[in-house]
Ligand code: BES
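Shown here is one chain on its own, the form predicted alone, set out as structure tokens.
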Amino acid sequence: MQITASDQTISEISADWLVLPVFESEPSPLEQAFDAAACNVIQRLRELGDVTGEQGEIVELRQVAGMKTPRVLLVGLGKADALTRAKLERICMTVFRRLSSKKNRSVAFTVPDVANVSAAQVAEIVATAAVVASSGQSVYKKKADRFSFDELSLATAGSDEATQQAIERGRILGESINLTRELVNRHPGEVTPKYFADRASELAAKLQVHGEVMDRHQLAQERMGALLAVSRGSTEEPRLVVLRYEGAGESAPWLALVGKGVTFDSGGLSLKPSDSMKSMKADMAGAATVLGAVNAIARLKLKVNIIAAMGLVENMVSGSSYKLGEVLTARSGTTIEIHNTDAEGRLVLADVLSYVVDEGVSQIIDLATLTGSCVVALGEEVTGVFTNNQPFCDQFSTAARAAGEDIWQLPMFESFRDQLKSDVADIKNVGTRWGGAITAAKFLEEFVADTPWIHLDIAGPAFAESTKPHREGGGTGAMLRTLVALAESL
């Protein structure tokens, strides 16, 4: 998709569609300019009540007098002073999903003046939305149900350097989100640990980022007993992918991004029911998000050092599956009594977290579709946040607000750690049914030492079970933009 900025007047624009945002309040200068060239068509529609400018309202106009573009899409932005980045993103996604359902080669989006969002941010949001919304999850369908545009013009936006940079940043974010979504949406018979590792290696070579892939033998040398135990029931070999992006110089601090990459989770011997297993191809969304974030950070050439570590396994059932009551020895030397083989993601992360701690990183963020409990607590669109370092978490929260992604911090009271006490080992891998997202986080905390750490439970927002006007079902790429915003702030 070619995305450009243009300072053409509205009447000069020629495209398959012209998108014109309108406010609920007084007509904007853009709307006035349109009406001046189009015989006051919007004014007349407002008087009839057919156009109100309410948030999310969409009205199609065809063959408007005075316009070179044959079709015009009026989209309501609501009240000007109430429009936020998150609301604008949702509106833009709705618009581009609607337009990409058919083959429209060119779209012109007139960029409005928004009080609470800078012009550069608007340009970035529009570019990202166009790239993401025009890409569906029909990876294996004969007939595509979503079509990318050949050209997108940000009309009346001007063509200064800041706008062009914002557009390119938006494109990179959109393509990185789509990389994550694509990996999540592919079926688990294809996306095995080896497949994911191969894709990561190809990306590292393209980005000129140092990449390393550890196989079963190397993982055994690294003493990753917890990760290897989870993989035992599968014929697919486990992998650990480690990518290093050095954008700030070797002596600068390193941020670790750690992703859970369970490419399919049957639950192991604690077997899931069929309905719960259907979307378990998405149990590697944490690793996919980390890979997408590295893609964005490297292409944006951010001045930050990143170690990205992705633990990749299948959790399957066989005669060699790890067992309830078994005691595993993690890389750190901590012994773990297994009370539920479906609490496997934390075992994978335990060894990977231990690895990045020993690499001497300054801060850690892990991402995992870890618990259904977090979805029960926060719903399907909010990420649960847990930390051992409040200043670091505050910085992360600021980045999330800047990126327009919803998060909520949950407590880490020591009483939750008591649920993990074992009679025969250092720790159990599950607590009671109460506060399960928190006890999972307390388990992970055992493996980060004193390193400032944030755990993101993305079990809800990483995979959308249904399609909505503003969102495609399937993988979402949730939290990728926040990781990039945090990297920029560092």
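Note that residue numbering begins at 1 and tracks the sequence as displayed. Keep in mind that what you see is a predicted model, and the values were worked out from it rather than measured.
Form predicted in complex with the named molecule: not shown, discussed below.
Asks: Using a 4.5 Å heavy atom cut-off, which residue among T387, S373, Q363, Q419 comes into contact with the named molecule in the model of the complex?
Replies: If I apply the 4.5 Å criterion carefully, the residue I get is S373.
Asks: Going by heavy atom distances of 4.5 angstroms or less, which of A33, V64, A464, V430 would be at the interface with the named molecule in the model of the complex?
Replies: Of the listed residues, the single hit is V430.
Asks: For the chain shown here without its partner, which stretch in 147 to 155, 260 to 268, 325 to 333, 89 to 97 has non-hydrogen atoms within 4.5 angstroms of the named molecule in the model of the complex?
Replies: Contact criterion met by 260 to 268 only.
Asks: Might N116 be said to contact the named molecule in the model of the complex, defining contact as any heavy atom within 4.5 Å?
Replies: Outside the cut-off, so no.
Asks: Mark A459 yes when one of its heavy atoms lies within 4.5 Å of a heavy atom of the named molecule in the model of the complex, and no otherwise.
Replies: A459: contacts the named molecule in the model of the complex.
Asks: With the partner left out here, check for me: in the model of the complex, does some heavy atom of T180 sit within 4.5 Å of the named molecule?
Replies: T180 lies outside the contact set for the named molecule.
Asks: Taking heavy atoms and a 4.5 Å cut-off, does R346 contact the named molecule in the model of the complex?
Replies: Contact check for R346: yes, within 4.5 Å of the named molecule in the model of the complex.
Asks: Go through 271 to 288 residue by residue and record those having a heavy atom within 4.5 Å of the named molecule in the model of the complex; state none if no residue qualifies.
Replies: The stretch touches the partner through K272, M280, D283.
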